[in-house]
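Next up, structure tokens for two forms of one chain, structure 1 and then structure 2.
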Structure 1
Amino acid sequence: MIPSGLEKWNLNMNHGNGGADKKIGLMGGTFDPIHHGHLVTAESVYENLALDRIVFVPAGDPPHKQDSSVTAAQHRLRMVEIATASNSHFFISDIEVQREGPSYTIDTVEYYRCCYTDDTDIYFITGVDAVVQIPQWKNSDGLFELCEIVAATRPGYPTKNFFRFRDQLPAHQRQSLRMLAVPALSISSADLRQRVSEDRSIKYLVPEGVEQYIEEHGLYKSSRSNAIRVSFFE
């Protein structure tokens, strides 16, 4: 069941009414769990690109998580809501959770492209490592046509694979791709899940409310009893 009563929940309820927004960022991911690295990245992109809002889009069935377990959507959605509640320009969309089948990025970007006017710029935010895998995604060529792709990286992080990938793209696609260095936070969701399973602290790595939620619901214990299986690849 999707959490109810969330004031900032359904940005997608506007259907075709983008309001005054002219620059929006879409930040997809499993957020399993969301952590300070995600939040710092979103805030850095928001500030550096002068966006009107950032929309967090938790995946429903992530096609790239082949042969792995992903925590049930209602938990991941709730943790994102807790983590972003205090930020007035952070919003949440449950569009990928509500959509049947695997959560393809192109489908989500197409949806938001239809919701906004042609003069609205859409930025899809992802990590620099994920960017080089875009050719394996569904309709990757179409993605470059619909939005600008922002590859977030930490200062000092090796970027040779990114530049090699970028240089192989056609000129019109290179124009839709940019790299942005954000403050260094070496945090990963996989490491956080491992820490919890080993009864190690995740304090200060995730927002306090998210830490409490994980504890209250017994998430990321070795049994993974709160997880669902996915077997898709994007």
Structure 2
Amino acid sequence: MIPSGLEKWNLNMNHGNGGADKKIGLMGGTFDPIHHGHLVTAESVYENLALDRIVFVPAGDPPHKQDSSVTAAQHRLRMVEIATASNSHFFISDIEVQREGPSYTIDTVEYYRCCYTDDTDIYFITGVDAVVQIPQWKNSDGLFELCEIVAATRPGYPTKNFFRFRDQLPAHQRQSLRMLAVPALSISSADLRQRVSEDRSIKYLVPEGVEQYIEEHGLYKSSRSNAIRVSFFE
């Protein structure tokens, strides 16, 4: 069965049947904005773990950013759509954008777990800085049971922090966690937002279509002028 959050992208992009997948990657992030570091990460995990597909899942209302502004979900979703369009094994899910309330990862992984049979492995991929916070997330024990977590590190991130985090986990959770070093992740969304607000170039740091979208919609021009907490679908 194909998860409903994927249907319109599957139809639009004429992709195959997700029901046959044995290994899927869920690429979680706020993607404010998506950049080449995210894309290189997704492609590296796809290749290294021999996945059947990667599903980008932009957070609708990130629970850890309740006190800060995040760009409206329809903009972030559209930029992910533009950035991933040319890759036949990249998909998008709007499940977290459509779901009301904070975007808890456990709810997303549970949803996908229900959509696939037990012999399909699910990998949740995100940045290592987020991964080391997982014990504070909603039902983190359940998350380790339902999926394998892939932590993408960036140059300059002290990997000893990751290993210290991993070593304090119970053995069964350690087995569900791996690290991936991604050189292109020296790009960061925060730096891109800063660059745009200072009228500096983001060329070659994001796909061209994303750069154009940011410019056309005046995103990141002033301090979070496009940031609203109300989603497109509400």
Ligand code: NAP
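Between two forms, the rigid core is defined as the largest C-alpha subset superposing within 1.5 Å. One-based numbering along structure 1's sequence throughout. All values reported here derive from a predicted model rather than from experimental measurement.
Only structure 1 of the pair represents the form predicted alone. Superposition on the rigid core between structure 1 and structure 2 places the CA atom of P135 less than 2 Å from its counterpart. Core-superposed comparison between structure 1 and structure 2: the Cα of H75 travels less than 2 Å. With a cut-off of 2 Å and the rigid core superposed, R154 has a Cα displacement that reaches or exceeds the cut-off between structure 1 and structure 2.
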